[in-house]
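Shown below, as structure tokens, is a lone chain in the form predicted alone; questions about how it binds or moves come after it.
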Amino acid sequence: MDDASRDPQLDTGGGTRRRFLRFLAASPLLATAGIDLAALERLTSAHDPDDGWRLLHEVERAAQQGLIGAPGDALSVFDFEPVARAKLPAAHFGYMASGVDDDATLRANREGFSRFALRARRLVNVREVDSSMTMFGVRYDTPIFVCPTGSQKMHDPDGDVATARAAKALGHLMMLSGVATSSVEEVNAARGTPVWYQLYPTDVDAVAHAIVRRASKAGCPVLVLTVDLNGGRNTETQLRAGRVDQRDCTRCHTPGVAGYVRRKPMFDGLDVSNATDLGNPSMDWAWVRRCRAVAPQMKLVLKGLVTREDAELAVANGADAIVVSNHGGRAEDSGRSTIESLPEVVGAVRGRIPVLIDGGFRRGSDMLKALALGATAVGIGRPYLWGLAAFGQPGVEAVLTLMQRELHLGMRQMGVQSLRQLGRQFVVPR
């Protein structure tokens, strides 16, 4: 970074510049970059203003060191994150990396796995293991599903289509985000079979119902209704990253719901002028029943439930499945992980409907813990986005392959030949 590229607002004095560098030191955007953050904080208090710019240059160089050059070089899904960070503009990476408020729930999703331990069994023939699962009459070779994530073309030009092709190549269930940057028709064609469709309803019922009818007409067998954003959210890390980004973002983004969805094909042709919220703060169980009646042939999955009370109500109101989710730490600032929420939801459901889960899954052992606690399937989000941003479709395929490989390895280590053998006896509190 040379003098000509400096932001004039940061160059008016060492204090402003140092405050900016202190933000970098504390930001989750650099938390896994392999940079000495303690040294970064020390240098941000230097008296010489140019020390800050030299340090930013060092950060820039450090971010490029040790990056994998091809999908096959990755040893774990974590190897894709720094490549994605290096390739993406700050605002785009910040959108992906952000939780809410100070990211406590995002961190909790990862930390929650450490509160459970696996019990390994020995002397079982595990030369062949079967990781298949069946849901709604469809058999999948893997319990790993592709979570709905919006705006994927900010990570790769092919976006959701590249992800769908990867899911097809490896046989994964895919959920398509309601704010995808590709249409459901395009994604279904790329996946080779209709995907599950995830709905952001807005606070205008006519908009929600029109989108449900379109997804149904496209052949989507399942409607995934997200219910965890109706209270609003504060994506602070995303907003801070946007301030660092020096591009003119107004070319793509304009304020309000109408401005946000104008680049989202599922809203094409719909009147969103009266919509003020992507979720619906007025949503209740009666609203859910009305929405389901729009396309009664579709299965209804409620995504975002984390308590026994809501799980019991979901069953009572005819939901076909639940996804235990806090939106990857992007919904509420509860500080509670989804893996810790899972047992009470499974207990309330009592096997009457499938219980799926997402939130912080990165390792085969993470998935095994959830499956042993009663989950039918496990979703991943950010890891495949890292792969998409890093290498496009081959990156997504590599991430899915690594996750499946670790799952098989973990099954052998636990001494189970199929997922059906997993149960609470394989996991204990730590």
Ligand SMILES: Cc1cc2nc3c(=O)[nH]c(=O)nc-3n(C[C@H](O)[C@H](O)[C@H](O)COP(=O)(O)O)c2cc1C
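Quick note: we count residues from 1 along the sequence shown, nothing fancier. Predicted model, so just to flag it, every value in this text is computed and none were measured.
Although not depicted, the form predicted in complex with the named molecule is the subject of the following passage.
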query	finding
Close approach of T149 to the named molecule in the predicted complex, 4.5 Å, heavy atom	yes
Contact flag, M96 vs the named molecule in the predicted complex, heavy atom cut 4.5 Å	yes
Touches the named molecule in the predicted complex: R363 (any heavy atom, 4.5 Å)	no
Contact of D358 with the named molecule in the predicted complex (heavy atom, 4.5 Å)	yes
Selected contact from H327, R191, K264, R292, since only one has a non-hydrogen atom within 4.5 angstroms of the named molecule in the predicted complex	H327
Among the candidates T202, T237, S337, S177, the residue which, in the predicted complex, approaches the named molecule to within 4.5 Å (heavy atoms)	S177
Stretch from 269 to 277, 141 to 149, 83 to 91, 124 to 132 whose residues place a heavy atom within 4.5 Å of the named molecule in the predicted complex	141 to 149
Residues of 292 to 308 having any heavy atom within 4.5 Å of the named molecule in the predicted complex, listed in sequence order	K303
